[in-house]
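One protein chain, two forms: both are listed below as C-alpha cells, the first as structure 1 and the second as structure 2.
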Structure 1
C-alpha cells in the first residue's frame, strides 16, 4: 500500500487562508489503512482547521466526505455536487489521489493535506515500513522475497558490501543487512545457488523515458 503522513496543520491552514468554504476529502484506500487519511482523520482535520480559523477571528465552513478510493475516476466523480459548492478541495489521499481530483475538477483548487512517503506495509500496529521502490523490474524471486533495492541502504544488487558486520548495516547498526537476510532466507529454502546469480545494474531510464509510466490491459479496456 501507499504510506503517507499528515502535513503540519498550520501548513494546510496556510494553503486555504483565502478560502471561506472547503471540502475535505478522505480516502478509504491506502491512506485510511495507515491512519492518515480515512473518515476519522478527515473529520479531525476539518475540525482543526475551523478552530485555527476561529482563533483568527474569522469563520471557515467545512464539508467532509470520504470516498472509496481517490485514484479511481468513478469514485472521484461521485462527489461532484459537493465540489461545486466550495472554494477549494483538501485531499487526504496520496499524491495520486490529489492529482486525480485536480484533473477531474479543473476549475477547483485541490490541495494536499498529506505527504506521500513510500510503498510499504504494516509490520506491527502503528508501524509501517517501506518494502518496494517501484523499480518496474522485480527480482524478488531471486532474493528470497527480500528487496535489496529498498532494504539495502546502498541498494546493492550483488551484495553484501564490505561494511556490514554481524548481520547489521554499517549505515545504521539498528538496521539488518539486507543481504544477510537474503542469505538466511535462501539458506532456509536450500536455494543458496540463487545468491550466485549476477544482477546487472538497473537501467532506470527504461521506465522513465518518455514521461509518466502507464500500463494497459486490453481485456479490461471498455
Structure 2
C-alpha cells in the first residue's frame, strides 16, 4: 500500500486560513489502512481545525466525507454536490488522491493533509515500513525477495558496501543492511551464486527518471 503520515496540524490550518467552509475528504484505500487518512482521521482533523479556528476567535464550518478510493474518478465524482458547497477541499488521500480531486474539481482549491511517504506494508500493529522503490524493473528474483533498490540507502546492486557492520546499515544502527539480509537469505537457500554474479548498471528509464509513466491494458479500455 501507499503509506502516508499526517502533516503538522498548524501547517494544514495555514493552508485554509482564508476559508470559512471546507470539506474534509478521507480515503477508504491505503491511507485508511495505514491509519493516516480514513474516516476516523478525517473526523479528527476536521474537529482539530475547528478548535484551532475557534481559538483565533473565528468560525470554521467543516463537512466530512470519506470515499472508497480517491484515486478513481467515479468515487471522486460521487461527492460533487458536497464539493460545490465549500471554499476548499482538504484531502486525506495520498498524493494521488489529492491530484485526482484537484483534476476533477478544476475550480476548487484542493489541499493535502498528509505527506505521502512510501510504498510499504504493516510490519506490526502501528508500524509500517518501506518495501518497494517503484523502479519499474523488478529484480526480486535475483535478490531472495529483498529489494536493494529501496532498502539499501545507496540503492547499490552489488552489495553490501563497506559500511555494513553487524548486519546493520551505516546510516542508521536500527536499520538492517538490505544486502546483509540478501546474503543471509541466499546463503540459507544455497543460492549464493546469485550474489556472486555481477549486476550490470540498471536501466533507470523505467523509473521516474524516464518521465511520467502510465499503463494501458487494451482489453480493459472502454
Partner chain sequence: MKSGSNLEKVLSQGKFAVTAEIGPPKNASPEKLVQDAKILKGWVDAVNITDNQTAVVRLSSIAAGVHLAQNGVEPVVQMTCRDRNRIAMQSDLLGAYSLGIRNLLCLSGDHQKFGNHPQAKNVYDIDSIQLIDMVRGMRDDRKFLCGEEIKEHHPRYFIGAVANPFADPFEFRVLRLEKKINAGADFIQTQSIFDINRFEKFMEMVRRRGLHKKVYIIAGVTPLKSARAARFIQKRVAGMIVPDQLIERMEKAGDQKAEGIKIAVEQIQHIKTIEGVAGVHIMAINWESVVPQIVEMAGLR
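Rigid core: the largest C-alpha set superposing within 1.5 Å between the two forms. This structure is a prediction, so every number in the text was calculated from the model and none was measured. Positions refer to the first chain, counted from 1.
Shown first, as structure 1, is the form predicted alone. Residue 168 shows a C-alpha shift of 2 Å or greater between structures 1 and 2 [criterion: core-superposed Cα displacement of 2 Å].
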